[in-house]
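Next up: just one chain, as structure tokens, the form predicted alone.
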Amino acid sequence: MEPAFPLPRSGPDAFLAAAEPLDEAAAWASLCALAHGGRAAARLRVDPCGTWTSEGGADKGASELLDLYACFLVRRGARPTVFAHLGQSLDGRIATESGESTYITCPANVDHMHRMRALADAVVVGAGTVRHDDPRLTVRRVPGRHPLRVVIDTERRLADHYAVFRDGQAPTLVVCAADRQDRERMGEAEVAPVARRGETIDYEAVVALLAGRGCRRIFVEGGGITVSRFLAQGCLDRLQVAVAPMILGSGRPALQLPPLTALSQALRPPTRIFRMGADVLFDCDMRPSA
């Protein structure tokens, strides 16, 4: 493992960098710069374990920001880092039966998703998320650049009138099963085929496809079926679950994995816990080595 873009400790601005602690705005600018190969402000460094240091220190808001996001900058070999997020109610629902999900989680968690987009090279959603939410998948609530937008539409059932295929705000890719590719473009989006795996597609092939396009960090934003398939095929490095103080009583479940025969088969990943407005965010390390 190598540090994520370590910066030199010499130069005419070294003294200035150490003179004042990072504030929240400077910390976020530094994270974005490190994520995309730029030069970070105030000499921020991230070691191979995701621990950050700053020669000037950091105030409370900046420290909280760096504690949450610094680990996502670490490169572990040539394979992209794949992280996912789900926002759910206390009873494990991500939407009503009709698909309404805007918004189960609080505004602070919505800001968080935009930060995750800004740090990622690609943001991935399934066809159901596009059909129900018509999301733009751009970075708007925080400073940052738009990632590549990726829509997984295995059977090529979506029409091309949705915003991601028409607005031209960011490059967009539609991924489908190889035997369902009937065109090369969908509106302004490119269509890319991948191999099937059982009743769905090979999600490791999706990761490889995005790696071939220069993506180092892949953010799987939803929905529950798409995140579940990435997890079931062993493609997730981290899984975030934001739990909102809300009870739906019915609706669409967050994760759907093959049935267990014993509790000993349950996944018990190392987990960090963060308060995020009214919600609680569980950040789980899903790597086998963890």
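Position 1 is the first residue in the sequence shown; the rest follow in order. Worth saying up front: this structure is predicted, and the values here are computed from it rather than measured.
What comes next is about the form predicted together with a small molecule, which is not displayed.
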| property | result |
| --- | --- |
| Close approach of R76 to the small molecule in the predicted bound form, 4.5 Å, heavy atom | no |
| The small molecule contact at A232 in the predicted bound form, heavy atom, 4.5 Å | no |
| Contact test in the predicted bound form: G128 vs the small molecule, heavy atoms, 4.5 Å | yes |
| 4.5 Å heavy atom contact, E155 and the small molecule in the predicted bound form | yes |
| In the predicted bound form, the residue from R136, H132, R145, H114 that sits within 4.5 Å of the small molecule by heavy atoms | H132 |
| The unique member of G99, P107, G187, P193 whose heavy atoms fall within 4.5 Å of the small molecule in the predicted bound form | G99 |
| Answer range among 22-30, 44-52, 220-228, 63-71 for contact with the small molecule, defined in the predicted bound form as heavy atoms within 4.5 Å | 220-228 |
